[in-house]
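The chain that follows stands alone, in the form predicted alone, written as structure tokens.
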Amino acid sequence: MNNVYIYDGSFINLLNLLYYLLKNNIRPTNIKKKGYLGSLFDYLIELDLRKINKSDALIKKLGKTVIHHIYYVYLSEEENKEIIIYYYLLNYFKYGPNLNKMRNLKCVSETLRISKKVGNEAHKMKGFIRFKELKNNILYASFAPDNNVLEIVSLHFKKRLANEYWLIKDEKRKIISIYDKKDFYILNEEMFNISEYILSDNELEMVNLWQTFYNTIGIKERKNPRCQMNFMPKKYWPYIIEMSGENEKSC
């Protein structure tokens, strides 16, 4: 029988669960978010993680570097990320801070690989995101990253656009980051009606001017969508003004 431990999907309760498992020397077959159905051979175990409440204690023991890596793995879309984090921490308490040098261990190499991949995508998105001005002087942007990097990106724009009101929507996960010139808050899409907001007249004019400029300088006979995709993958096309509508066309 496979012992699969269930948590609510939050990072805090993942840490609470990991603390419980490590402290009691329990080696789960896997760790999954709530809603996981499991197979015929899975025995699903769900604890009251609010009673454990040891996430802060675990964070203090681990330090910034380890927390950075496991948090980035948590933000990834890797199928078995929780069990990878579990074995990474299990070995951390065995070998200490030198663990990251032991890349022969699968849990270490996987943790560092995934952490780097999430960090690279977050860095790319900081430069890619395009804001538009709405009628109420709020800046709005949307994107659909492979990994859940909305919080990392929001931390960047909290500093970069500190004196602006802005919204950033993750279209893939249907979550929205809302900044009020003090801090940002991440909400589910159904908690915030973005359809009420429309582009300002100035923004509409700028969009039209930019699309006109882009289409004017282009040479129709030399258009090469495949080459364009080499520089800007097609999955990003819906989120840039000059490629509006192009993503629906066949290449």
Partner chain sequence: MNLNEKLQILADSAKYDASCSSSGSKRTSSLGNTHIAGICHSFASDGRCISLLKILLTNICIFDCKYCLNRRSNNIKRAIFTPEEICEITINFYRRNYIEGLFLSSGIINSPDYTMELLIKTVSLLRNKYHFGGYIHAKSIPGASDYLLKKLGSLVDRLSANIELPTENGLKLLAPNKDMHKVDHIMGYVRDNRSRNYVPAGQSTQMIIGATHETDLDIMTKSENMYNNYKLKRVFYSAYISVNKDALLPSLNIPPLKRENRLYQADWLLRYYNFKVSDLLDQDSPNFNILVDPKVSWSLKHLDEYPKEVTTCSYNELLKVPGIGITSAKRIIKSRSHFQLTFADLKKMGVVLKRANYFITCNGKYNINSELFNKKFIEANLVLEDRKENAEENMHQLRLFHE
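Source: prediction; values computed, not measured. Throughout, rigid core stands for the largest set of C-alpha atoms superposing within 1.5 Å between the two forms. Residue numbers count along the first chain shown, from 1.
If you look for the form predicted in complex with its partner chain, you will not find it shown, but the lines that follow are about it.
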{"item": "Partner contact for residue 80 in the model of the complex: its partner chain, 4.5 angstroms, heavy atom", "value": "no"}
{"item": "Contact of residue 50 with its partner chain in the model of the complex (heavy atom, 4.5 Å)", "value": "no"}
{"item": "Its partner chain contact at residue 127 in the model of the complex, heavy atom, 4.5 Å", "value": "yes"}
{"item": "Contact of residue 120 with its partner chain in the model of the complex (heavy atom, 4.5 Å)", "value": "no"}
{"item": "Segment that reaches its partner chain in the model of the complex - one of 142 to 150, 67 to 75, 96 to 104, 170 to 178, heavy atoms within 4.5 Å", "value": "96 to 104"}
{"item": "Full three-residue contact with its partner chain in the model of the complex, heavy atom 4.5 Å, for 210, 214 and 225", "value": "yes"}
{"item": "Within 14 to 34, the residues that have a heavy atom no more than 4.5 Å from its partner chain in the model of the complex", "value": "none"}
{"item": "Is_shifted residue 185 between this form and the one not shown (CA, 2 Å cut-off, rigid core)", "value": "no"}
{"item": "Core-superposed C-alpha of residue 206 shifting 2 Å or more between this form and the one not shown", "value": "yes"}
